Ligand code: ATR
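The chain that follows stands alone, in the form predicted on its own, written as structure tokens.
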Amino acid sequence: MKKYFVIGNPINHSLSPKLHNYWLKENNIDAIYDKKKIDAKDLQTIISEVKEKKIEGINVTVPFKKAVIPFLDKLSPEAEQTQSVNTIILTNNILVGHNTDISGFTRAIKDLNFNIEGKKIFILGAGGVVPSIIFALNKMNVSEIIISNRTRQKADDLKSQFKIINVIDWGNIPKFDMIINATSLGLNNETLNFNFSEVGDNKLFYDVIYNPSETNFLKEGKKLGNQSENGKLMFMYQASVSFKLWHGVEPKININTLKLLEND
């Protein structure tokens, strides 16, 4: 039986195994998908197991999306441009890193009733999925991307990679049309301690976190009269691209898939 894993730290919140195993069963594929909490020192060992064909494929989540790159032979164009990898596959004995977060985020935003073109976007966080979000937003022709991170240096490093972004100090709130929480604050019901009371309404509060399904950040956005969305669709879309890369089959995303994740 073929084995697939998602690796990260923390990893307990991940619903990837639930989703991928559902799709594997639905498509009669003899494989199993599990999650594995690792430390940075374990990266080389687990990735070498893909090369040795002990593991067929790996999904990568925080905080290893950039850290895995030195252990790979090749990157897809999107992974190269963002320096972010979330899917690893062995192709013709070459370890290839892909970035499916870009298409996952793009498709999720297009599904929302919110026209993003020409809008100001404010992103909280500078790690993990943020390079992919910046890349996608730029392609969607937003007017401005503003980043704030608890460690300012990390945001400044992103600016050297993406000249288009503006960086502001943590705690400041600029004018925006859409705000994205791309930090891990909310996984354990933490609050961001931002005062959003002056931002107005008709904004989009978007959280890349999908489990829990409604973070305190989203609750506050909704309470203030704004649209709020979690990262569930992004999660499912990026997972479907990974699934197709590994198995050559595009899995179904429908009401049953949505219910599967809602029941957790």
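Sequential numbering from 1, following the sequence displayed. Every value quoted in this text rests on a predicted model; they were computed, and no experiment measured them.
What follows is about the form predicted in complex with the named molecule, which we do not show.
Undergrad: Have a look at 126, 108, 134, 179 for me and say which one sits with a heavy atom within 4.5 Å of the named molecule in the predicted complex.
TA: That would be 126.
Undergrad: Taking 4.5 Å between heavy atoms as the contact cutoff, choose which of 159, 150, 139, 74 touches the named molecule in the predicted complex.
TA: Flagged contact: 150.
Undergrad: At 4.5 angstroms, heavy atoms only, are 63, 154 and 184 all close to the named molecule in the predicted complex?
TA: Yes: 63, 154 and 184 each sit within 4.5 Å of the named molecule in the predicted complex.
Undergrad: Counting only heavy atoms and a 4.5 Å cutoff, which of 108 to 116, 93 to 101, 126 to 134, 75 to 83 contacts the named molecule in the predicted complex?
TA: Result of the contact check: 126 to 134.
Undergrad: Heavy atom within 4.5 Å of the named molecule in the predicted complex: which residues of 186 to 220 qualify?
TA: Contacting residues: none.
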